[in-house]
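We've got the same protein chain twice here, in two forms, each standing alone as structure tokens: structure 1 and structure 2.
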Structure 1
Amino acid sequence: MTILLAELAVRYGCELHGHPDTEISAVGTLKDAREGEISFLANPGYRKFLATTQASAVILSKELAAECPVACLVAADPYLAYARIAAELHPLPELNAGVHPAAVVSESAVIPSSCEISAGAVLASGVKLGERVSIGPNCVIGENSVVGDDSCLLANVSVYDGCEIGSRCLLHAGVVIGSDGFGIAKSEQGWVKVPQIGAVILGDDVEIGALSTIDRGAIENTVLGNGVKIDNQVQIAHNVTVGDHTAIAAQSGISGSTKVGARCIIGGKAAIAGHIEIADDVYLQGGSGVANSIKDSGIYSSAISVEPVTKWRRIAARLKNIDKIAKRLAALEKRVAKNKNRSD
């Protein structure tokens, strides 16, 4: 696919600097792009590569346009403009509609002729697919589950019974939707499993990264809103609700029955306790641990940054004594206040 730079400028609301007939056929990094490729500059750390770039064009901010040695598209948000242009230049493969002979499809499953069912896929009774759905190799879709129009399940995705996936969703390899939540009750003889009878409901335009797991609800459903984006290896426990357009980075975990608001950003390896609520528009930085509800939007962090090992050992030793130090400080403050009252 080849598109003129002028066409991209008009289509995505950018200001064009340079020859409008510049041909663009692919995207590339600022450092390694070649003729015919378009790159972008959004992170200041890559500014050093701008002067020597071999890209045919660069998407950047107005402040950097004068430094660009090649044609450029000036955008209010260069990364967003790049994302949209890259999606046009590198579209998803077209469907090869039909059911592969090596797929196993129940007679009661509803499969429109526009769908693609790959080899090894298993679709149980009562499954309903929308138009133009792609089911990848070795996917398993459980009884009475629903997949909306234009959704794509890549290889080895498992959707348990009774779950619903909205339209235009993308589930990467190894995703599990609707596995049992961690519901167990303690008895004198050991642990007793609590039946998990809810389901998982995904809204429209949801993307879930490879090997992430969304547990079904214990009684009510686990629900992900429209436009939710989840990275690889994320765990969402039973009865969690995630608001529209929230993004969750890799290796994060959300414990059961927690409610996450809309438009939140959850950094990698964040750990969120159960039965709490997080407000809309909250940004949790990577590695944050959340034990209590967050009622106000804003940026939150709880991680301790890396230190040289000798310094960290001293910090750790002092942390062990922090309770004693706090008690001594409280006693000292009390004495100071008492002496102050006497002097007054």
Structure 2
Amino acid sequence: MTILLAELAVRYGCELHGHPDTEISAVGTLKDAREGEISFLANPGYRKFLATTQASAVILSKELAAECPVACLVAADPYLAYARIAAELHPLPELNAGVHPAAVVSESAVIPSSCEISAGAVLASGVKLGERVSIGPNCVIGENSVVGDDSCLLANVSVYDGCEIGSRCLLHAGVVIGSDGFGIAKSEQGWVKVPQIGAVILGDDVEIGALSTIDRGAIENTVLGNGVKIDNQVQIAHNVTVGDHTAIAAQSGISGSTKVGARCIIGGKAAIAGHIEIADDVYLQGGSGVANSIKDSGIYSSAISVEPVTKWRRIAARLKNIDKIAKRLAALEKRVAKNKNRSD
């Protein structure tokens, strides 16, 4: 596909600098783009590659237009404009509608003819798909689960019974939806399983990264709002609710019954305790732990970055003694105050 730069400018509301007939057929990085490719500059760390870029055009902010050696599209948010232009230049493959003969679909499943069911997929009784749903190879969908229009499950996804996936959702390979929450009660004879009879409800436009797990609710449901975006290897425990448009980076975990607000950004490997509430618009830095509710929007962190190990060992040892350090300081303050009084 080839598009003229002028068309892209008009379609995505950018200001065009340079020749309007510049032909664009793909995207490329500032550093390595070749003729016919459009690049973007959003992260200031890559500004150094602008002067020598071989891209045919660059999407960037007003301030940088003057130093761009090639045609450019000036956008209020260059990364957002890039996202939309890239999607136009690199459209998803079209559905190959139909049920593959090596798929196993229950007679009671409702599968519109616009859907693609790939080889090895297993759809249980009562499954109901919307229009143009794509079920990837070797996916398994349990009884009575529902998938909305235009959603796509890639390879090896497992959806347990009774779950609901909204429209335009994208579930990456190996995702598990609706597994049992970790509910166990202690008895004299060991742990007794607490039945997990709730479900998982995913809103519309939800994306879930490879090998993430969303547990079903214990009694009520686990619910992810519209537009929630989840990276790989994230764990969402039973009865969690995640507000609309919250994004959660890889390997984070949210413990049971916690409510995460809307438009939050949870950095990678964050750990959020159970039975707490996170306000809207909270940004958690990667590697942070959250033990208590966060009531105010804002940026939070508890991550500590590395030091050379010999230095770190001293730090860690001193940290273990910080209570003594504080007590010694208090004693010294008292003593100095007394000395002062005496010497007064």
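Source: prediction; values computed, not measured. Between two forms, the rigid core is the largest collection of C-alphas that superpose within 1.5 Å. FYI, numbering is relative to structure 1, first residue = 1.
Q: Structure 1 or 2: which one is the form predicted in complex with a further copy of the same chain?
A: Here the form predicted in complex with a further copy of the same chain corresponds to structure 2.
Q: Examine V10 after superposing the rigid core and state whether its CA is displaced by 2 Å or more between structures 1 and 2.
A: No.
Q: If we fit on the core, is the Cα of E333 displaced 2 Å or more between structures 1 and 2?
A: Shift of 2 Å or more: yes.
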